[in-house]
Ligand SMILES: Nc1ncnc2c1ncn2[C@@H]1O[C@H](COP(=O)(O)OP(=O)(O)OP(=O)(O)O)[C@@H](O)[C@H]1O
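Read the single chain below, which is given as structure tokens and is the form predicted alone.
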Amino acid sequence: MLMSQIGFGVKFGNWRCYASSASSSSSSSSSSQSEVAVVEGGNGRISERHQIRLGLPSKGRMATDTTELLKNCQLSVKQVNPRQYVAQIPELSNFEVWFQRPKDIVRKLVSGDLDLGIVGLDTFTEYGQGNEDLIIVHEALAYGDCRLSLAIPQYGIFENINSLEELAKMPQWTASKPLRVATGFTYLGPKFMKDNGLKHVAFSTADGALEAAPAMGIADAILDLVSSGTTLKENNLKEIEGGVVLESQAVLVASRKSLVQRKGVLDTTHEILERLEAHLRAIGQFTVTANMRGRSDKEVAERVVSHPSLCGLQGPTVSPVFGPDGEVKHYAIVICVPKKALYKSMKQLRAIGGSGVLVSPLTYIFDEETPRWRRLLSTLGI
């Protein structure tokens, strides 16, 4: 196979593979004479199986946070044996959970061996590589936050380099001596550099911690996932302006073919999506109940809505409170308040006559219909 060089490449061991804008050529005769064929993954077709399959990360913090989220949505994952790779979610009929490496979840969605999956956006983008059959159902599951970022040394020739633009203009990088970047993201890395006009870049994989690569002389820079940035600083590395490839967090993804062609997948996806949205929307929200003296429910409501922070999701609920003699002198107000605004809201309630304030956390907030569900149907052309 011949590929034309365009100035940047990916190096694996002693091999350097260059991306090409030209089509590759191969000998059909040598292909037909080959005695051994290696098939990688499935063919993306819908198999005859009847179970709906969800792929979940098998190890690490991502695995723990994913099962915890599902548990909070009343979708607890049940394993007969913790060493088994298959499990059930009793609340979902005809449904299987398969524990896999995140990159294998994406690959098996493409091959048709899984219908749904939860992975990081970075993994989805790196291994999905723009495949049109892959769809993001929910793009913000609120955990696994990190960013894929370019980092360079704080010393030497990079001491005064603080942006991607400045890095690109350094005269050191030539076709014979490109900028060496160590990374595990061999799809996103070259694509990012090409999109940003960096022509002379060579990407290589490295065993162990990438942060050590520049100090060892293996690479000039690294492209890796960053959370707090502490590890970079401890290894005398720095992020640069314009060097973030993508912001990542956990996402729910699906196979378009499965959603459209496999019986039950779309309905099950709808249920999972509604449970996720209801729980995630409720995180950090509180129900606040207070009694307020007033002449009528309308007069009390007008007092409450005069403060925008007390309006709740769609406005306050105002109900009469009947005294021992059957007379109504107080009204009960129920509103939804964000956690960060709780104390401020309580002070405002007191200021307008509220008393006996009760606060309780919310578990779920169900909308009439989730916007993400409408968006999914639109994407599928349904």
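Since we're looking at a predicted model, the values are computed, not measured. Note that residue numbering begins at 1 and tracks the sequence as displayed.
The following text describes the form predicted together with the ligand, which does not appear among the structures shown.
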So which of 269, 183, 258, 123 reaches within 4.5 angstroms of the ligand in the predicted complex, heavy atom to heavy atom?
-> 123
Using heavy atoms only and a 4.5 Å cut-off, determine which of 307, 103, 281, 199 is in contact with the ligand in the predicted complex.
-> 103
Distance check, residue 61 to the ligand in the predicted complex, heavy atom within 4.5 Å = yes
Within a 4.5 Å heavy atom cut-off, is residue 188 in contact with the ligand in the predicted complex?
-> no
Can residue 299 be called a contact residue for the ligand in the predicted complex at 4.5 Å between heavy atoms?
-> no
Examine residue 144 and determine whether its closest non-hydrogen atom to the ligand in the predicted complex is within 4.5 angstroms.
-> yes
Given 189-197, 221-229, 73-81, 90-98, the stretch touching the ligand in the predicted complex at heavy atoms within 4.5 Å is 221-229
Within 241-261, the residues having any heavy atom within 4.5 Å of the ligand in the predicted complex are 248
